[in-house]
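Just the one chain here, the form predicted on its own, laid out as structure tokens.
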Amino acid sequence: MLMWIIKRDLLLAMRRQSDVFTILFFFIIVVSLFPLSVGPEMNMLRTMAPGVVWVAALLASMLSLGRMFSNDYVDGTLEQMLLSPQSLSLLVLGKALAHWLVTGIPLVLMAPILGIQYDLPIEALFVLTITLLLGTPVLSLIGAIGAALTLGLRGGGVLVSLLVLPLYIPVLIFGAGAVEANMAGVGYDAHLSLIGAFLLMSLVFAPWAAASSLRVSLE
């Protein structure tokens, strides 16, 4: 069932490729505008690069949170999922993983290329990629909770942002901090360990919380 949900959502995403490219273009544009506005001062660009890339990835990931459950809610598929004998938490996990594959993976692949604009060294680009690879699934899993809580509400997109942004802040801090620590010559293992801990906690608790929120929203 988990694989079926992932394959189904990936197939639907490929049929709506404009949504996928919108997220990717938003990420590229935001990251690319900062070097143009700041100027060619390399020291400043290297200092601000981790924060800029992570904030852009966070905002890009949030663009599609409102559509995680809304399409299934409109056509009645979500109600059928609730009535199925399968665990709703497992179904939510599948949708969150599909969301990460569609939105998170392209951001992870593009981040090292865009980091070249900021004159980041190779090792810093590698650390940036690892932090995004660990952190973007957390964004999708936490975002699933916000999307479930605001399902069917008018202005749900704004409410999702208000709900999930405070929970995103620790991932943002430690993700950008790992790259900064690497560039400063300090060990960054602790930052990666904390992001990994956030990922494990999200995998355990976020599907259950999102499933409970979906039941409340559909009642």
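Residue numbers run from 1 along the displayed sequence. It should be emphasised that the depicted structure is a prediction, and the values quoted were computed from it without experimental measurement.
One more form of this protein should be noted, the form predicted together with another copy of the chain, which is absent from this view; the next part is about it.
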109, 130 and 134 all contacting another copy of the chain in the predicted complex, non-hydrogen atom within 4.5 Å: no
Partner contact for residue 59 in the predicted complex: another copy of the chain, 4.5 angstroms, heavy atom: yes
Residue 183 within 4.5 Å of another copy of the chain in the predicted complex, heavy atoms: no
Residues from 159-183 in contact with another copy of the chain (non-hydrogen atom within 4.5 Å) in the predicted complex: 159, 161, 162, 165, 166, 169, 172, 173, 176, 180
